[in-house]
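Consider the single chain below, provided in structure tokens and representing the form predicted alone.
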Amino acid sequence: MNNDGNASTPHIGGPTARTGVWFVGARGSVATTAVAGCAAVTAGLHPPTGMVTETPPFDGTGLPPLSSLVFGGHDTAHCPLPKRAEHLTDAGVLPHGLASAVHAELQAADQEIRTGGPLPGDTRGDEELITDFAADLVSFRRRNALARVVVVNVSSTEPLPAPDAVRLPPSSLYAAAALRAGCPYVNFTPSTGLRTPALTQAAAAGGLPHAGRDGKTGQTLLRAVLAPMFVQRALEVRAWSGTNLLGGGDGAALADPGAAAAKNAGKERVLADTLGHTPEGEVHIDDVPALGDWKTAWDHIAFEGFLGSRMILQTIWQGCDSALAAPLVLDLARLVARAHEAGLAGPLPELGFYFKDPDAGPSGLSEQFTALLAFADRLREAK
């Protein structure tokens, strides 16, 4: 992969430098909430609740200010961001009045969205699609005089590719385009992204930081807290079952068994890594369109205590996935942009705090947070 168009701008810094955030799935709920939220926080309309990078441990780390972020992206949907924000307001995701208050910022971001693919009937091969997507990234960076562009995949979950698949899945096409354009990459979905043999090698050779995969926003976040508790208290987990009820685009996408399997792999990994075994039980995902952008997750944990006494812990998590994910996406874009500026390359396991299926590192949330704080110190010390 070459870095065409990037040679003169990899380490531009300073207080006036601007950073691009290029969303794959730019007209979806998460991206729309992130753009609107960034504008609202920058204008002082709302506090940065949920943004870990806006807490004191990240002071002085050199992260790009929220006001310096410029948004664009790829999508195959056509609903403009201002209209999408109105839909999210009606669904109770965005507060009333916010879409109007940040209309200009939403409109500016929408003007930077380009058509993704492959679309039905698209005759372009993988190489042509990658070339076209990379050209969009380079054009975005040059047009807006950006120091760098971080590509963040927030599109719908895709099924894992078949072992004998000839074509790359869409998420890998976008990831390859990011490498070719010299852009750091974040995979906030369970889709394949960089995790193909060829792209893993290209990422290693490209000298770019990257992080993933599958943002940890709800049920798995809770699992990452509870599983270490059982281990530390020497309590034997016998079974751990879960159910997710969700609607919206995610619900529709995860109705596909292949996509649901890709999603569940990360949920199961945190238990296997932390407990040392995979307990009985599965996670079931049900599409309930009436729930829209809201979801409910139930967990039923059967565990054994002293003298074989059998006990149960049940949890219920109800939340809005877009509102949970958007601040994490903004955190990751800023952290990876700063890592790029500091000359860091390769996977960033210190960002496992944000992911169900991180590149490496511990699975417990407390240990992951310690690693994240150490990463903040590393960025603070970087030139």
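Throughout, we count residues from 1 along the sequence that is shown. Computed from a prediction, not measured in an experiment: that's the story for all the values here.
The same protein also exists as the form predicted in complex with another copy of the chain; that form is not shown, yet it is the one meant from here on.
inquiry  = Can you tell me which of 176 to 184, 71 to 79, 141 to 149, 294 to 302 lies within 4.5 Å of another copy of the chain in the model of the complex, counting heavy atoms only?
reply    = One stretch meets the cut-off, namely 294 to 302.
query = Which of these residues, Ala272, Ala101, Met229, Ala135, gets a heavy atom within 4.5 Å of another copy of the chain in the model of the complex?
reply = Only one option qualifies, and that one is Met229.
query = Is Glu282 a contact residue for another copy of the chain in the model of the complex, using a 4.5 Å heavy atom cut-off?
reply = Answer yes; at least one heavy atom of Glu282 falls within 4.5 Å of another copy of the chain in the model of the complex.
ask   = Quick one: is Lys216 in contact with another copy of the chain in the model of the complex, heavy atoms, 4.5 Å cut-off?
value = The answer is yes: Lys216 has a heavy atom within 4.5 Å of another copy of the chain.
ask   = Does Arg310 make contact with another copy of the chain in the model of the complex, using a 4.5 Å heavy atom cut-off?
value = Yes.
Exercise: Thr315 in contact with another copy of the chain in the model of the complex, heavy atom 4.5 Å = It does: once another copy of the chain is placed as it appears in the model of the complex, Thr315 has a heavy atom within 4.5 Å of it.
request  = Kindly indicate whether Leu168, Leu208 and Pro349 are, all three, within 4.5 angstroms of another copy of the chain in the model of the complex, using heavy atoms.
outcome  = Answer is no for this spot.
request  = Sequence order please: the residues of 312 to 332 with a heavy atom within 4.5 Å of another copy of the chain in the model of the complex.
outcome  = The stretch 312 to 332, when checked against another copy of the chain in the model of the complex, contributes Ile312, Leu313, Gln314, Thr315, Ile316, Trp317, Gln318, Gly319, Cys320, Ala323, Leu324, Ala326, Pro327, Leu328, Leu330 at the 4.5 Å heavy-atom cut-off.
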